[in-house]
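Just the one chain here, laid out as structure tokens, in the form predicted on its own.
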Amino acid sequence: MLKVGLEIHGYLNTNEKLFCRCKVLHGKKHSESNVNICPVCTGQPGSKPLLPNTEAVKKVIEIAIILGCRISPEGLWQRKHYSWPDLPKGFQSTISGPHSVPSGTGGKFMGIRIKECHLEEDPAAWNPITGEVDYNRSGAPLVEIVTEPDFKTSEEVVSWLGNLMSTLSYVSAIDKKSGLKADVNVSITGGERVEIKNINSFRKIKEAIDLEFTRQEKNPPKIEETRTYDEEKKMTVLMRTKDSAMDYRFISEPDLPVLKISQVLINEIKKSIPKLPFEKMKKLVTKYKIEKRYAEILTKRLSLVELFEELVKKVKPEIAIPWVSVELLGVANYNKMDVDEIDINPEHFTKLLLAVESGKISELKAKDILRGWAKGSSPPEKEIEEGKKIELKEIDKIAKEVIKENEKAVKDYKAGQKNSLNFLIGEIMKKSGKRAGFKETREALLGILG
């Protein structure tokens, strides 16, 4: 039987590093290496860390609460030693290890037990091929979430991770643009545990688990190992035998005081956490009678579900749902943007949908207006007035022109090719500047064609 546990590392969504005032910037934001650095995050002799970033501490507590963990009132910083070029001090400062109590312990999230979650700093980025080290991310605040080996399939792992990231996005706890890294622990009945290090996408996590499961079934491991996933060769590769806590030589960090967490702070953070996806899902399905497939789309983003909840104060849910879950997402995808980057004022969107609902403008015209909001919405009254539906007699006039210009399509329709009717409708709507409604256009066209 397959057993899988995860050690998930996520970049906390903070402005500054954990023990210095250097800015935290990840991924494509960096124009060059080694610019957001100082003596502290590069481990210069004589440099001392500042007190831990308060923003990072609160984020970890927030995550621990969401995961259902017990919050430790005290956290002892420890030095976790290992000698790699990406760790200039020769150790990592972390609230974990044999002499510390992690920030959160004993939780449960969507049926999976959480062993612990804790705060630590990120190493630098080392390129083993060129030997270059970029310290821009050195000292960035990380949360590590450790699960028990409760997963039974790779599909279960990927589904759970998706729900975890969606939930944490509700409180902006994780820097989603930086993604996550996961160490995946895989074992089968009768074999020792194997850890696969630093996998950075859901697809790779699934592939690595499936490949390692197949490998272990053929030859169950006799000793614990640390391996890496070679995506090109589609195999896991031995790195070393598994390190133990003793190998890391954990000692208390003399330069950092015990981190004390008051119950007052914990209560304040609890009150600030919004309703989470599963709670929003229940509300959408029960109160608004939304189909589960649409509810799942909405609840993946807090911004989407909150926008929907604003719209349905004045717009019928059945009208609002396709515009938020399909049309708005379509605009984001077309412009290669994250939907959160589109600044939509709920009041503007409400006026647009009410114009559609009342029949003042066609859906096609409304979609045109929505597409124009890719860089931010604006009051739509003028566009609605200019784009309001035309009279039936004008639709009749345009329809006759289109029929005259497309004799072949008319013959094809009369010969039984139904798609030709949709072509003619499209031509009429195009010629009307999308001011002709679909229903009215179809009725007018059929009336002429007989």
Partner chain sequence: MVEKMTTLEKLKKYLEKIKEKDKDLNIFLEVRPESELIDEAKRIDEKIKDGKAGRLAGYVIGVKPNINVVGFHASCSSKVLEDYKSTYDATVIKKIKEEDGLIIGMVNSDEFACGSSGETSAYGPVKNPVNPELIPGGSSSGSAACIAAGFCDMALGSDTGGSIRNPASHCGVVGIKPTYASVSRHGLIDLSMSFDQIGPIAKNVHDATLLLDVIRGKDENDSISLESGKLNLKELGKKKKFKIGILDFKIQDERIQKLIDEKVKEISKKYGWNVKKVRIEYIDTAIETYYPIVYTEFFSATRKFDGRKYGKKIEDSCGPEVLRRVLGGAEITRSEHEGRNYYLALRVRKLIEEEYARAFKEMDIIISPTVPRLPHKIGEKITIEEMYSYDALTIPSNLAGNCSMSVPVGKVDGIPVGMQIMADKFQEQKMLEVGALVEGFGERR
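If you're wondering where the values come from, they're calculated on a predicted model, not measured in any experiment. Residue numbers count along the first chain shown, from 1.
There is also a form predicted in complex with its partner chain; it is not shown, and the following applies to it.
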So which of 338, 255, 74, 224 gets a non-hydrogen atom within 4.5 Å of its partner chain in the predicted complex? 255
Contact assignment for its partner chain in the predicted complex, among 291, 230, 247, 363, heavy atom within 4.5 Å: 247
Any non-hydrogen atom of residue 149 within 4.5 angstroms of its partner chain in the predicted complex: no
Does residue 278 reach its partner chain in the predicted complex if we count a contact as any heavy atom within 4.5 Å? no
Does its partner chain come within 4.5 Å of any heavy atom of residue 267 in the predicted complex? no
Give a yes/no on whether residue 109 approaches its partner chain to within 4.5 Å in the predicted complex, heavy atoms considered. no
Only one of 65-73, 380-388, 417-425, 35-43 has residues with a heavy atom within 4.5 Å of its partner chain in the predicted complex, and that stretch is 35-43
Quick one: in the predicted complex, does every one of 50, 81 and 89 get a heavy atom within 4.5 Å of its partner chain? yes
Within 283-317, which residues come within 4.5 Å of its partner chain in the predicted complex, counting heavy atoms only? none
